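Presented as structure tokens, the chain that follows is alone, the form predicted on its own.
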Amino acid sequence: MKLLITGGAGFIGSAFVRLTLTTDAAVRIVNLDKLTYAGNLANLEPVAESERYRFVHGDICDAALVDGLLADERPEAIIHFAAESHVDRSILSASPAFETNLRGTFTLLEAARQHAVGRFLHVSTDEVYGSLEPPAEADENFPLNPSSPYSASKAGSDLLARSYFVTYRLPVVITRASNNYGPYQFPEKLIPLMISNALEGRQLPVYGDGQQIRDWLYVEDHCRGIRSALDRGRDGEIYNIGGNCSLPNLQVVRKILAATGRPESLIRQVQDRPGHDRRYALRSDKLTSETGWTPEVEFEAGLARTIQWYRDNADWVRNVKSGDYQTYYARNYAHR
């Protein structure tokens, strides 16, 4: 089977590429990635020389490029990871999120329709459901209530993808995952930012009271869930992928400090970001019952693996935290 992966140099996309190429000898992968700040070919060094892998540098909004790539490669399926995925960046500037997440998704869907691609798997997020009051947990029929420009753009792209199934019968499957963590994650999201700052002995900026609750999912568990939905999911359906591990952000930060041997005095509570959702919560019963998928990596074990990876890959961290990252970090946190 040949897969076209979009955004395969990013955190989750590269994890899927690495896992798939090392565990399934029957799969060939074409990876289309624009290589924005979060796309990093170093993430793919373990598989870059594989004869079953091809990298294409390009923008999913480029209709001619996408059309030509599908004509040349004729993939059986597209797995669409590519997205502007950080809430803080979408607050600072919403335009890239809407350009990539909406226009890019439309471009891919239209090309997939024209070339009769056998399956289009659209990777989305639990943030489209918005903030949930306990004890509510979102199943796939839960109303969409996005709070940020990022989550609004993802909700829009979900609806667009579903419309291509309803209107054109394009075989679309949508997945919505909870917060991912693991090796190779760009250090702007909570866990990699806190790990890298702790290892460097820097302050750890925590938004507001730190009691925002997130469900944590190890990235390889997410990738296995995506593969399950790709292989055994039903056309036109949505599947939640959760980690069954809900924790307040401040508790996660304290776990990181304990694991890295750093004092809690490094915690610096900063002004909360606008529209910050208090709680995300997912139900993954549907994916489990239909495909047999369940998360395998417990949070404590996954966090330990992740911290060790950042310890062992200081050069990778140093490289990605140069240039644009420093500008973003100063812009986002200096006024808080």
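This one's a predicted model, so the numbers in the text were calculated from it and none came from an experiment. A residue's number is simply how far along the shown sequence it sits, counting from 1.
Keep in mind the form predicted in complex with nicotinamide-adenine-dinucleotide (NAD) is missing from the figure; the text below concerns it.
None of Y239, Y218, F120, F81 but one reaches within 4.5 angstroms of nicotinamide-adenine-dinucleotide (NAD) in the predicted complex through a heavy atom, and that residue is F81. This chain lacks the partner; the member of T107, S228, N180, S90 within 4.5 angstroms of nicotinamide-adenine-dinucleotide (NAD) in the predicted complex by a non-hydrogen atom is N180. With a 4.5 Å cutoff on heavy atoms, L35 counts as touching nicotinamide-adenine-dinucleotide (NAD) in the predicted complex. Not displayed here, nicotinamide-adenine-dinucleotide (NAD) is kept clear of V17 by more than 4.5 Å at the level of heavy atoms in the predicted complex. nicotinamide-adenine-dinucleotide (NAD) in the predicted complex is not approached by Y129, whose heavy atoms all lie more than 4.5 angstroms from it.
Put simply, L21 is far from nicotinamide-adenine-dinucleotide (NAD) in the predicted complex: not one heavy atom of it is within 4.5 Å. Annotation: in the predicted complex, residues G39, D59 and K189 each come within 4.5 Å of nicotinamide-adenine-dinucleotide (NAD) through at least one heavy atom. With nicotinamide-adenine-dinucleotide (NAD) omitted here, the record of contacts in the predicted complex names 172 to 180 of 139 to 147, 258 to 266, 230 to 238, 172 to 180, defined by a heavy atom within 4.5 Å. Taking nicotinamide-adenine-dinucleotide (NAD) as positioned in the predicted complex, the residues of 1 to 36 that bring a heavy atom within 4.5 Å of it are, in sequence order, G7, A9, G10, F11, I12, G13, L32, D33, K34, L35, T36.
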